[in-house]
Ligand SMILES: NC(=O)c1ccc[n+]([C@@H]2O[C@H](COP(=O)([O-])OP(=O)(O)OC[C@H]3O[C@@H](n4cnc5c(N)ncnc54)[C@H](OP(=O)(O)O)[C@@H]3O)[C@@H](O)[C@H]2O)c1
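Next up: just one chain, as structure tokens, the form predicted alone.
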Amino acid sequence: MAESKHTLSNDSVISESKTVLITGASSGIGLALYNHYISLGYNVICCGRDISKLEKLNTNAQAKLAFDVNDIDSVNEAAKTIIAIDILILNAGTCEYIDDAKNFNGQAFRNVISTNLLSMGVLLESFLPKVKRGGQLAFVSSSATILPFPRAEAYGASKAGVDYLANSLRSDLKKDGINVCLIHPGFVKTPLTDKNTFSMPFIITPEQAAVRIYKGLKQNKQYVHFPKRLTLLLKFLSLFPQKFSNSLLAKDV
């Protein structure tokens, strides 16, 4: 088979072996996950939009696939190079804030919903059939879905959709022997959060996030959330009327 234009490795077809595929692997949590799995001897397929960033990763990757999650043809073409996956981690995402709700930025809303949620359709269509029985499907969502945050209408709505998608698929994929894990990170220092101008309590490094995700998947958990100092606090605040949490969050965002 001829080498796919989306594959940067020498092999055009990924061999059947213990394999983890990570989207959004060129930065942030995805890059940290890539480095962690590589260090443990896994065969890793790293995926990202920026081919130049993928080329800078160490050469231990089983393959490097460059595609935009919003480009259906590009995703489908990249998936043709893969035979089987043991762990599929859907991590790629973006964030744009709605700074003036009254003058709602519909384009920003569409951008975020498309990248964070609608893209899941083609990613699942292309890669999920390749996940082995006994394999795992992981969605990196956000603890922002626990409480409604100011300015996060687009981001929160997209991740809430991911939550429902993951929880629904878990039921339907049980018969196929595929475990679905929903992941709720708190604040993680990444290029996305570097743009935030508000304080981010209990912020952790991407490496710390990667270890937590790895351990959760290793234990075959269905739900992973961290750091618990933050996520449990948010869950506690969600028990109160929304006006109470709004008054707290509005002071900081």
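Nothing here was measured: the structure is a model prediction, and the numbers come from that model. When you see a residue number, it is the position in the sequence shown, counting from 1.
Keep in mind that the form predicted in complex with this ligand is not shown, yet the notes after this line are about it.
- Only one of 137-145, 102-110, 164-172, 80-88 places residue heavy atoms within 4.5 angstroms of this ligand in the model of the complex, namely 137-145.
- Between the options Q208, N35, N43, S27, the residue in contact with this ligand in the model of the complex by a heavy atom within 4.5 angstroms is S27.
- Proximity of Y155 to this ligand in the model of the complex falls within the 4.5 Å heavy atom cutoff.
- For the chain shown alone, F187 is a contact residue for this ligand in the model of the complex, at least one non-hydrogen atom being within 4.5 angstroms.
- Contact annotation for L57: none of its heavy atoms lies within 4.5 Å of this ligand in the model of the complex.
- At the 4.5 Å threshold, heavy atoms of R212 stay clear of this ligand in the model of the complex, well away from it.
- Although this ligand is omitted here, in the model of the complex all of D50, T115 and T193 have a heavy atom within 4.5 Å of it.
- If you take 72-97 and check each residue for a heavy atom within 4.5 Å of this ligand in the model of the complex, you get N91, A92, G93, in sequence order.
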